[in-house]
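Next up: a single chain in structure tokens, the form predicted on its own.
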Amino acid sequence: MLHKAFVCILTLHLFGWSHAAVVYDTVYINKGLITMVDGSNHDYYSFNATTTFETTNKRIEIGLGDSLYLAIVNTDAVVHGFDVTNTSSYSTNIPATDTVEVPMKFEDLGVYIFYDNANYPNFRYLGLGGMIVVDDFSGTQFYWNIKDHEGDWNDSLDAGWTVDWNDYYPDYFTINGYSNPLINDDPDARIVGSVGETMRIYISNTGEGIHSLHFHGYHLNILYSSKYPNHVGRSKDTFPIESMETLILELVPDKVGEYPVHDHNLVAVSGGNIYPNGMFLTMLIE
């Protein structure tokens, strides 16, 4: 079993020096409870870096052209699945308490979602959706894995009941497993920087709902869109993102200030019907 990530540097191009890596990493499928902003607890699953359950899914970062050998360890008592969006199929099952190793190759800039495709979309909805970020950018970076939940459904699905997804009305909304105000305490999520600094935000929607992320104060450029590649190069302040879609946005602030970012679908800035305890945070530019 692989327990630590390590990188082997390979020489690739005929002209000059270019580095590609063979990256070995491990994720653990863990089951636990997520505590929502109103104090309620609900069944939840997550891809974690260790056997310790955390509500924030592990993030994997590699460079363009890198190969990834990922070990997926199923700590649960039931079969789970594994697949990656926008790639050749890596679909596989992981028996209970077993480990599967999956080799992957990424040539292009992008954000890819690795997720549990068993009994789809139930386990992915219950939390099992993480990010693979492929980029050689060395500047300031932020990461948003956004999700939505109808709390009672988490417990029902985990108990094996069926639901009608046409009746789905989420009441909790998170970024990296947190709702406002805790999102602002997450240094991976809260945008903090300086005027003129180039920053990138890597976003995945691993929930069921469609969201529309609105940035006050600044326009951002779309560097990557998994669903609408023709949108690359556009400069906007609002970015719709559908379920299982990913984006890379670039921000270069032109003025100081603290500005909010929130979902234009206003129910998503609440949590358990409490405002503003949902998908809401602020940017701090000095």
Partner chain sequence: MKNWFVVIVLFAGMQLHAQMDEEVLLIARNTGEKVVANGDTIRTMGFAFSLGENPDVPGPTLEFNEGDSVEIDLWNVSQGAPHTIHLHGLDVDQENDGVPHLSFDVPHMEHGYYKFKAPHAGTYLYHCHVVSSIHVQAGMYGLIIIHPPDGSKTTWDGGYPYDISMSLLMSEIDTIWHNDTILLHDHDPDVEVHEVELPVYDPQYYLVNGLSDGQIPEENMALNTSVGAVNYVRLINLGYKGNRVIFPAEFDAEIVASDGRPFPTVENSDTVYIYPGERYGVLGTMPAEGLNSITIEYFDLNTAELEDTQEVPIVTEGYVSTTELATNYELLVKPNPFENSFSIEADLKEKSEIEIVLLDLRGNIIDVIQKPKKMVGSVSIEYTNPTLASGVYLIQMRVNDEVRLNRKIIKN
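Positions refer to the first chain, counted from 1. These numbers come from a predicted model, not from an experiment.
Although not depicted, the form predicted in complex with the partner chain is the subject of the following passage.
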Subject >> Location of the partner chain contact in the predicted bound form, chosen stretch of 22-30, 235-243, 46-54, 60-68 [non-hydrogen atom, 4.5 Å] >> reply: 235-243
Original post:
Taking heavy atoms and a 4.5 Å cut-off, does residue 168 contact the partner chain in the predicted bound form?
Top reply: yes
**OP:** Spell out, yes or no, whether the shortest heavy atom distance between residue 216 and the partner chain in the predicted bound form is within 4.5 Å.
**Re:** yes
Original post:
With a 4.5 Å heavy atom cut-off, would you call residue 97 a contact of the partner chain in the predicted bound form?
Top reply: no
Original post:
Does residue 129 reach the partner chain in the predicted bound form if we count a contact as any heavy atom within 4.5 Å?
Top reply: no
Original post:
Though the partner is not shown here, which residues of 200-217 have a heavy atom within 4.5 Å of the partner chain in the predicted bound form?
Top reply: 208, 209, 210, 212, 214, 216, 217
